[in-house]
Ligand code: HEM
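Coming up is one lone chain in structure tokens, specifically the form predicted on its own.
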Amino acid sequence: MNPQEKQAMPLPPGPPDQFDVGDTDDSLVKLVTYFESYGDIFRIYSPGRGTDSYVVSHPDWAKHVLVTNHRNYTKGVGINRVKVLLGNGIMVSEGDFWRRQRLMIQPFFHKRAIRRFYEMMIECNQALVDRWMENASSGKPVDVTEDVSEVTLEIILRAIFSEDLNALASTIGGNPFLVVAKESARDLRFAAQFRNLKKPILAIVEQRRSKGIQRPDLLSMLMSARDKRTGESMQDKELIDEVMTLIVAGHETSASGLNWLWYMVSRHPEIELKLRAAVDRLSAPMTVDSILSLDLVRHVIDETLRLYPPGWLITRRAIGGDVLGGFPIAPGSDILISPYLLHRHPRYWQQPEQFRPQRFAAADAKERYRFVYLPFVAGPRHCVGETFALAEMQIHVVVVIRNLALRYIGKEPVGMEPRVNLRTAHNLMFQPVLR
């Protein structure tokens, strides 16, 4: 199609109001309303960016942007804010540099590589459950939002630093990375605090280099990674940026997903009973393989991530012109793909608003959900830590269920806070009950 033909094509419909998607508390509410009015593609003018944003909710068009024609799209809305926080790690980098880093990092997140962390995941979650069991015995509630945030942070930190984490904490009188779990805002103040963590990370790197220390953790893997083409390792800045990215990305998706999961399970006691029965059938002693074999646990996680995908907005920016849904896309336009909308699309999901884990047990589930289910994105930039995150969540659910039930006692309704991740609007309080 030539430029004149593209120019003659009509623009997609859209609302008369203008706003910067992702910058307002009601962004997701508005997107849901506009999707109901305008359908699979609509246009919103962004006054802050001075350009149109196209919200796309058709799986074929999502595939086109994320996979088929992905080279025509760079990271989009909000990426500069993330870059302030994470530097130039694989979450934000582009082009040849991104491909180089991705190829160096990806092997360390294959299933065989991360199995070494599974026993540590069990230990961290068992320590959490032991604390919750004490609360159950004394009748005290627990803040699940805060606690799952801290345990998922501990897991990714131990996967990265192993025993150096304890040494660092004892040297400076505490874990300096706790700010990631304690501070929910992702503003400039947090960015400044987070950037200060680069110094202790660099100190660990330098100590390992000077003493020739090798540990069975992600940091040593990253330090040993080599560009296959040149044989070069990462520069210190590149290494630190990737570590910072792993800390944030490796913590927030799992923490948000598990927070929503316990709320949904508590609202559906029939699902809790099925989970309990499945876990009780595990032979003793419980092993990592037996935990990961429980299909129902995985289906509950998948259904939670369908309804409440932590990454609720995937953003891309068109480099050159394109066509989506029969509409022209001008260079520089922002393309917004919301997994939240795709995951609840009534054309592709039966009873989309209901919590039904069994939908993921259907024989045609993998084929049916390919591009209408994007909790970890898709294509070349799909989340490198997907396998790590899913295993972490499965282990957490099993360790909790075999010891406790969690009864939600907090505020209703539970609102959504669509910021960098889709969080609950307030912390969720539960009463743990011994089994």
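The first residue of the sequence shown is number 1, and the count goes up from there. Note that the structure is a prediction, hence the values are computed from the model and not measured.
Omitted from view is the form predicted together with the ligand, to which the following refers.
In the predicted bound form, the ligand sits beyond 4.5 Å of every heavy atom of residue 349. Taking the partner from the other structure, the ligand in the predicted bound form has no heavy atom within 4.5 Å of any heavy atom of residue 32. Among residues of the shown chain, residue 245 is one whose heavy atoms approach the ligand to within 4.5 Å in the predicted bound form.
For the chain shown alone, residue 385 is a contact residue for the ligand in the predicted bound form, at least one non-hydrogen atom being within 4.5 angstroms. This chain is displayed alone, yet in the predicted bound form one of 158, 316, 298, 359 has a heavy atom within 4.5 Å of the ligand; that residue is 316. Stretch 385 to 393 is the contacting one of 22 to 30, 385 to 393, 399 to 407, 41 to 49, since its residues have non-hydrogen atoms within 4.5 Å of the ligand in the predicted bound form.
Residues 98, 102, 109 of 97 to 130 are found to place at least one heavy atom within 4.5 Å of the ligand in the predicted bound form.
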